[in-house]
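Read the single chain below, which is given as structure tokens and is the form predicted on its own.
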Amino acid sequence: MKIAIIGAGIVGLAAARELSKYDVDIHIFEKNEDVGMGTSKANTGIIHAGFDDPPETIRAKFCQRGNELWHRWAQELSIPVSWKGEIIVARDYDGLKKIEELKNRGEKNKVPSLEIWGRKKLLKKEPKLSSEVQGALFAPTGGVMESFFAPVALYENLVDNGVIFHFNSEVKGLDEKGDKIEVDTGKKEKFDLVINAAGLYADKIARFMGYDFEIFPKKGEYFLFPKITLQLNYIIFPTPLNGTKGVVIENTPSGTLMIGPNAQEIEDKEDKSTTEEGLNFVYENAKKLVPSLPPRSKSLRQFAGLRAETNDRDFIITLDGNFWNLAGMRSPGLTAAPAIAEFIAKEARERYSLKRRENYVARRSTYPRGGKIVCDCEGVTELEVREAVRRGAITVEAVKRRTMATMGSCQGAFCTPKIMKIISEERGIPYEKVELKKGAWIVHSKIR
């Protein structure tokens, strides 16, 4: 049996991982040059506990189970996760009522060990909070991972399990051919099952097969501060406002401080620009909860990511015939991905009588360390960079997402030339042909 998955984001890759446990031929088509380049690339990386989603939603069906599965998946795939728990902080009486509602909702969603903390306990547990806070909901199962790294880990595990990747392969059409679907990327190939996990462009792919739903982008802007800036005991949320989770304050697993996002509805699915207005909103709202935030001038960088939103603010999962949609994977898409994958693999097994493979590889091997230090800020060694390139990193940013080189205080000012040299050697290409990202040259070919 041949399966095509359109989109190499977290949901498509997770689906492929569960399906690769069976005796099937899996092909993943991705219009970009690497995995996780769309909505999976820039977000909070939070593995939500599952208390926020209304019980009747598809989101609620998969969030809490996804949280459970990530505890195992993160170990098997060697993805760093900080399981420090979430606190949803109330600043007034209305906020206190809201966290009571969230606790009740979470219990309906079978989220374990939820607690309401009063003001005194909250300030003792997280002393960096504003003295104006009144209480919080504590969800101990919440965690945070480096979101850009999860697709990479899945990719490497999938390669070990024989999954075939087609990068720079935009799907331009789908056509039913009897009991198969023909995927057109410039060249045409037929598949028994096609899974649409195309993120922001899932609506475009679905229209090829007669579906009519809309995916629109919602922009979120963020600040990232150095590791030594401010260390928190928990992932900090405000009480939700206007259907959003609000501006989050968190330490990533590597120790950096990240605040964001806002939620701005836009039209352009490629607009990842930051705005003064958006960044002001993020910083000012974060500072209401944590007054000791460092000044904006101390940030390493500001960036924006896009989420795939739907009109009814829920996932779209349809398993009709041999074309399946996994669309509208807005928050908590990252959290829910393993549970969605588990669900569709079970459906595929039952519908197609799939047989388990005997040689499934559950664990991803980590990179060897050794040789000279290439990135002083993050302590990345030459062997790690070489291994990243050997496993598929073709640009400086691809190495960055695999090793964290260039993510430190100098933001690549000193280590980029060293990384370029290694990429040049490993790929057998001229130094000046090494790209920052696809189509973005670092050295002009006429400069020597």
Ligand SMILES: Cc1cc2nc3c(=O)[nH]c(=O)nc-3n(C[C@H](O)[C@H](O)[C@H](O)COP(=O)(O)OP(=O)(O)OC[C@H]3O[C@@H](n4cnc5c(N)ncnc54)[C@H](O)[C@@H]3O)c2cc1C
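Residue indices: 1-based, along the sequence shown. Computed from a predicted structure; not experimentally measured.
Omitted from view is the form predicted together with the named molecule, to which the following refers.
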Inset, instruction - Just give me the single entry in T229, S169, T318, T252 that has a non-hydrogen atom within 4.5 angstroms of the named molecule in the predicted bound form. - result: S169
Inset, instruction - Examine A4 and determine whether its closest non-hydrogen atom to the named molecule in the predicted bound form is within 4.5 angstroms. - result: no
Legend entry - 4.5 Å heavy atom contact, E30 to the named molecule in the predicted bound form: yes
Inset, instruction - Please run the contact check for A42 against the named molecule in the predicted bound form: heavy atoms, 4.5 angstroms, yes or no? - result: yes
Legend entry - Touches the named molecule in the predicted bound form: G142 (any heavy atom, 4.5 Å): no
Inset, instruction - Mind telling me which stretch in 87 to 95, 367 to 375, 305 to 313, 292 to 300 gets its heavy atoms within 4.5 Å of the named molecule in the predicted bound form? - result: 305 to 313
Legend entry - Partner contacts for 397 to 430, taking the named molecule in the predicted bound form and a 4.5 Å heavy atom cut-off: none
